[in-house]
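The form predicted alone is given below as one chain in structure tokens.
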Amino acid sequence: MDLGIAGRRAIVCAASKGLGKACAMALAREGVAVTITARTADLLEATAEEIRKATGATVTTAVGDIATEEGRAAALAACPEPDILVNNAGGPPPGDFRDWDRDEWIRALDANMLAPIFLIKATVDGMIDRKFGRIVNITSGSVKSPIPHLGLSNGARTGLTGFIAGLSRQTVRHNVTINNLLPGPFETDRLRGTMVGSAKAAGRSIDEEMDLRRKQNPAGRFGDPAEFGAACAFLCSAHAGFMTGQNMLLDGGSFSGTL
């Protein structure tokens, strides 16, 4: 299927690895000129070169922390009029809410709620004027099924979800859609990192813990980031103009529910 977005411009946040990288790669394969952001310059440039070689697309880098004003300014300077915005940021650490102080809550909100909102604020009116826009927020399956030890993520991402539910109904008449992609367990460094505590508590190695979790998923495996990237590319496509305000869950069937 031709997604109809060749020649469009995209900002993909936190895209040096993992799900952000997969989204940038999928968009680049469709002929989109992508601007990718991350905090580590060397890793970001290596990813940009990998995408260029694989797709022939134009790839621009913007070094910075997207959770900060400076990081967002760098991304917008590199791509001031994006047609596509993929919001993404590393999740906050796991733990017990009794141990989190106000600063830790603010860091979680800055990265996983406020940064996407500010980037949308900076770009959505231009999309409306041009009569095309696709905004995808990478959130988490925890929005539908909260994970007890990821309370910082549960709270911040659910706040973003509520905000998007209202805004997305205001922009769709202008062919600007806003949707959320909710990853379950994908084979990423982030997933491996979140399993350190549970592996230690169970007296297992990280590899043993990962293998156990794979078998527990209804799909019998973790997701491939390329699958996630393909879903993102479709939501950004010319064919997705009637789909807005949705929470698309990709989790191999982990969430057992009808909604």
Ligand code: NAP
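Note that the structure is a prediction, hence the values are computed from the model and not measured. Just count from 1 along the sequence shown to find any residue number.
This protein has a second form, the form predicted together with this ligand, left out of what is shown; the following refers to that one.
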Select, from the options 133-141, 163-171, 96-104, 74-82, the stretch whose residues sit within 4.5 angstroms of this ligand in the predicted bound form by heavy atom distance.
133-141
Is there a heavy atom of Glu227 no more than 4.5 Å from a heavy atom of this ligand in the predicted bound form?
no
Counting only non-hydrogen atoms and a 4.5 angstroms cut-off, does Lys200 reach this ligand in the predicted bound form?
no
Test of understanding: in the predicted bound form, would Met113 fall inside 4.5 Å of this ligand by heavy atoms?
no
If we define contact as a non-hydrogen atom of the residue within 4.5 angstroms of the partner, is Glu45 a contact of this ligand in the predicted bound form?
no
So which of Arg213, Arg39, Arg29, Arg204 reaches within 4.5 angstroms of this ligand in the predicted bound form, heavy atom to heavy atom?
Arg39
Using heavy atoms only and a 4.5 Å cut-off, determine which of Ala89, Leu152, Ile120, Met127 is in contact with this ligand in the predicted bound form.
Ala89
All of Ala14, Leu19 and Gly64 with a heavy atom within 4.5 Å of this ligand in the predicted bound form
yes
Stretch 187-225: residues contacting this ligand in the predicted bound form, 4.5 Å heavy atom cut-off:
Thr188, Asp189, Arg190, Leu191
